[in-house]
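A single chain comes next, written as structure tokens; it is the form predicted alone.
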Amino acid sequence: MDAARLAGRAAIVTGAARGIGAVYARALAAAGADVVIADVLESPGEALARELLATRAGARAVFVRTDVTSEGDTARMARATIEAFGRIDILVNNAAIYLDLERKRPFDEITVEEWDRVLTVNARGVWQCVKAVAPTMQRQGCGKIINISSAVAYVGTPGFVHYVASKAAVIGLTRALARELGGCNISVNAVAPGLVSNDASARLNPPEYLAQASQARAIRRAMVPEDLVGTVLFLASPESDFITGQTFVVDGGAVMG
């Protein structure tokens, strides 16, 4: 990977301590960005920061404990990024509740408490993180915001209605924020991953469902987290400066439209 592609850029990745978020953080660091790992999971987050520091000469990475549902935490996340790196160029809004969801069940069995928890993290958390970094990006006159949605927003996957609703909300937020921030040369786009074959998906879905998902794609294989890296790096780079308000479905060709 070209270590100069994002050299001098400061990136925040929420929910970066593990899973796909950690893959994004590693890819941004490998492309030359300074990286803030923003997560509630302290031990793995700090370990990942140490790992990134060792990846190349001059690499910079810090862990900032961040609960995206806390306005105080998201404001502190932005301040810590400026203190560490002097600027904020990239925000990857990845933090979401998925791994900890209950197994699939009918929509009318979901409790109000669980509905509110999922929407608060997955939708309000995105808005709060953008709200925290936008003033800095506006002063800079540039910025890249990448919101992680999901292909379930297009297919309406049953059994996870609260998750589907939250990821559809992310697409709406992306479009509205792109309109509001475009005048400051801030791009706001979304990535909608398909079903990734990882521990979370394996826990929530039976093996036959994962196999079926692979066969439903134009590219008939399991999807891995690294399949998302190219799109995220493109949206974080100057190559996408004239693209905003868009949602990129990355799922091997299961959803087309």
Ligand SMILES: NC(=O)c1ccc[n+]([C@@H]2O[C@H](COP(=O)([O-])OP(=O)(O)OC[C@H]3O[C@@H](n4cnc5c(N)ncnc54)[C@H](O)[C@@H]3O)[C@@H](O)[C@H]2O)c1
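For every residue, the number given is its place in the sequence shown, counted from 1. Because the structure is a prediction, the values reported are computed rather than measured.
There is also a form predicted together with this ligand; it is not shown, and the following applies to it.
Although the partner is absent from this view, Val121 contacts this ligand in the predicted bound form, with a non-hydrogen atom inside 4.5 angstroms. For the chain shown alone, Phe85 is not a contact residue for this ligand in the predicted bound form, no non-hydrogen atom being within 4.5 angstroms.
At the 4.5 Å threshold, heavy atoms of Asp67 reach this ligand in the predicted bound form. A residue is said to contact a partner when one of its heavy atoms sits within 4.5 Å of a partner heavy atom; Lys167 meets this definition for this ligand in the predicted bound form. Note on the partner interface in the predicted bound form: the residue among Tyr154, Phe160, Trp127, Tyr98 having a heavy atom within 4.5 angstroms of this ligand is Tyr98.
The candidate spot formed by Arg9, Ser187 and Leu233 is out of contact with this ligand in the predicted bound form: none of the three has a heavy atom within 4.5 Å. Checking 105 to 113, 179 to 187, 135 to 143, 90 to 98 against this ligand in the predicted bound form, the stretch whose residues place heavy atoms within 4.5 Å of it is 90 to 98. Residues from 139 to 171 that approach this ligand in the predicted bound form with a non-hydrogen atom closer than or equal to 4.5 Å are Ile148, Ser149, Ser150, Tyr163, Lys167, in the order they occur in the chain.
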